[in-house]
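This document contains two forms of one protein chain, each encoded as structure tokens and listed individually as structure 1 and structure 2.
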Structure 1
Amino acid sequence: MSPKSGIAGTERPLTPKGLATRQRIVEGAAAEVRERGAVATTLDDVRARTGTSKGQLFHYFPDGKDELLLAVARHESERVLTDQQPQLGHLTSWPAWLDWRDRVVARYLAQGTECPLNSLMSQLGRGTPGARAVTSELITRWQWEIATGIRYMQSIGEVDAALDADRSAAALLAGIQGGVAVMLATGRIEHLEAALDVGIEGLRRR
């Protein structure tokens, strides 16, 4: 992660105490966004929850709300993958794949009806280079993890070696994304489960 961020790219002087405050703000904002959504979250909400002042908010995020939300997006993006560990990093047997499947389902079931990242993205616009960079990297890493799992299964002969691992990983990932999207919109988990199950079964068949 490059510490320098923001469109202007102005370098910021660091300070241990200031860094801690900045962190507190990001985490508080993230929690707020998780609970109320990005559109509904106001700087004053963040200020109240984190016990900070308007001055601090703009001190650490000179470009205002957008810059803060981008930081929150990065923060949440990190969570998405870590929440799937250690299962995601050890897709080395079919039981392991099913454990991962369960983990994903449990995670999004627990998350409920709010998707922080989706909410975030619609607030700051998908065209924004910063926003696109965050999502792009998340997708890339996620897909790489899955593809790595597939390749391992190919290496031990459990998956057809002729299969394009990246393509299969892309399809499976799309299924997860869509399953989550459907769940958020309708409240039903069945699409996510179907996508995961059918996707994994598709790998298994040889």
Structure 2
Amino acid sequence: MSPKSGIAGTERPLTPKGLATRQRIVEGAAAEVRERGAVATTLDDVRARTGTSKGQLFHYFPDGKDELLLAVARHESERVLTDQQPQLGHLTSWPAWLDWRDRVVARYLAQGTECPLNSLMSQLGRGTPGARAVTSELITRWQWEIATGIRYMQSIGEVDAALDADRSAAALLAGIQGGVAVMLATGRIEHLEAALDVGIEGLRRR
């Protein structure tokens, strides 16, 4: 069974108009974080960018900046996956796997060393329940997509049927995360490329 298709948001019921307003605030805040970083972004910056009154902002985010940044973290974690589509959802041949590999590399090259999600998690505190939930949901969904691709390749005889798809997906994802961490620290992309290349080549050995 697929994990849920989106990371849980606010529990307060909102009208379609309210949802659209809230999303506009989140997207505006995300743009500010990408430009300024989570620490430097203020609620006044977000209000100015989105044309939102103070009353509106606190209506949707009554706990203030931390609640808004957590919503932005959910938004950015969703972008990590959507930026890999449609390739991530169609790992049905070796050329498709290589297309996905190139998509991942291109995504992080375009992002550079300033990662908005990393900035947000540092500001929120990685050990807080909200931040942990965002990270856990992202990893769960990402690993599920990779494991689904491995299982498909097993079903057509391209990957050893005895291989544990979930563990193999976890190992490949851990390599990706390590490569991203090195890139953020050094600006060098080759570790991410190596993690993807070696991981995919390991799957191809039947």
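Reference numbering: structure 1, starting with residue 1. Here the structure is a predicted model, which means the values were calculated and not measured. In this text, rigid core is short for the largest set of C-alphas that superpose within 1.5 Å between two forms.
In this comparison, the chain shown as structure 2 is the form predicted on its own. Two rigid parts turn against each other between the two structures; the point where they join, the hinge, is 73 in the list 180, 159, 32, 73. A two-part rigid motion is described between the two structures, in which the smaller part turns by 14 degrees against the larger.
Relative to the superposed core, residue 18 has its Cα moved 4.8 Å between the two structures.
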